[in-house]
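Take a look at this single chain in structure tokens; it is the form predicted alone.
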Amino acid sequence: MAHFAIAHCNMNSFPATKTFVRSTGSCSAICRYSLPFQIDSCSRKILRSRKVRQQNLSIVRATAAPMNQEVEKSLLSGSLQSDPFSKSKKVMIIGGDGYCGWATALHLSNKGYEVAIVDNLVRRLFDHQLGIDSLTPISSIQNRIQRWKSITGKNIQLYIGDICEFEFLAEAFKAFEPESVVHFGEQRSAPYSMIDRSRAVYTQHNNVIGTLNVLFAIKEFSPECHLVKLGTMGEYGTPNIDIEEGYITITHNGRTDTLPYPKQASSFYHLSKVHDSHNIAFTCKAWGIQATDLNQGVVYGVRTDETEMHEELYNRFDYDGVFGTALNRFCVQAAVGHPLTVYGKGGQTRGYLDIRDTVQCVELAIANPAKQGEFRVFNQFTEQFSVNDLANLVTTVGKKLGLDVQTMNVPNPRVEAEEHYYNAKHTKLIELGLQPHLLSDSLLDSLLNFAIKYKDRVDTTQIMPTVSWKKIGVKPQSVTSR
């Protein structure tokens, strides 16, 4: 299959949808999606360089390079597949260019699964619009896949498009015929969803409608396909009782039933995930879909066995106030000599896990699928920490490296309990064989040294929080312009 180039797409305003086309050789790359906010002049220059076509929706399957005959024979014979169970297993990874998706795509490909990535590349556009960037330099998705092919001989198929466009998604399903779908393809930042009205609307539309389209595509084209959906522990909130895995058995007025665990989402992003969970549960019951909802905690780390193979395979490392997580922010702040920014009292407690455990959990879910008609929920994390716990850990390890690490409490931009009870169950993935990578001094040492290595790429203006839950804007705006 020939190469093709991808046009980065964006919209001037919501809700118009346009199709941007760029052709290379005999292939046309179609990228269709809507974004509910305005773009700057730089983005418009990018768009004006692309041909625009609004007809004949089609799809292109892209591979990094033509396979040589020896590799093709090996793939067909299965000799390159390392896991006998996964032979002929076809996994579609929606959002495979993102942080969790990219690591998972490489991990499953390395395990012998036939992998296809579906992505509209909009996460890269967010960086451009907000003036932020990953600490690590990130190669284009085409170069990433090409490098993976050159190192391993393994092929990852690529479908560029928006799953909110059902015609595109339907064609991807019919072309690839997945046996499992791993759905990472959602706007995943709570702060991003709280910037202004347009980003809140975009988050809910993209996440909820995209997931609905995936459910309909499974129903119509792959009814025996297993859906592995990335949820979030944030759906539960911080109740004053133990958090069970998806369901809770209660007795009320003398009658007992097992019901979905109550949800107390704390942002428009988290609310979109709650809506997803309800929609998936309903379609499992109504259509017999089999689905696993992975309610994931906060993920940290940048390295997996696969991403370490070459710098063009490096994963994202977000440290800014919109997409960065607390541990990533603290490591970068320590590396550049900025005080660690603890929001409020710092007692906010959450579940955490290493990116290496994320890919493990997804593989376990695929290898042990839900039953037809079953909606099961796994709480996907390995340890619990408060923000103060993380700050203390980074301070201790940072001082061992000779860093002068200080801590400062800043006004909490979020609306959340800053001191609370938190005890969440997370046994089901352990029972399936998860072997956790726990947060140790040696791992923190590695993260801090990684941040030190790339500290020249740090934009210190992005360190402090800029998005307020209580002061959410109405008009589209850039975070960096505040």
Ligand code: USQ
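Every value quoted in this text rests on a predicted model; they were computed, and no experiment measured them. One rule holds for the numbers: they count along the sequence shown, beginning at 1.
Although it is not shown, the form predicted in complex with the ligand is what the next lines describe.
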{"property": "Residue stretch of 285-293, 304-312, 336-344, 249-257 approaching the ligand in the model of the complex, non-hydrogen atom distance within 4.5 Å", "result": "336-344"}
{"property": "The ligand contact at H226 in the model of the complex, heavy atom, 4.5 Å", "result": "no"}
{"property": "Partner proximity in the model of the complex: R329 to the ligand, non-hydrogen atom cutoff 4.5 Å", "result": "yes"}
{"property": "Heavy atom of T232 within 4.5 Å of the ligand in the model of the complex", "result": "yes"}
{"property": "Close approach of L212 to the ligand in the model of the complex, 4.5 Å, heavy atom", "result": "no"}
{"property": "The unique member of H107, K90, R147, H270 whose heavy atoms fall within 4.5 Å of the ligand in the model of the complex", "result": "H270"}
{"property": "Heavy atom within 4.5 Å of the ligand in the model of the complex - the one residue of Q157, T395, Q348, Q204 that qualifies", "result": "Q348"}
{"property": "Interface residues of 292-310 toward the ligand, as seen in the model of the complex [heavy atoms, 4.5 Å]", "result": "Q296, G297, V298"}
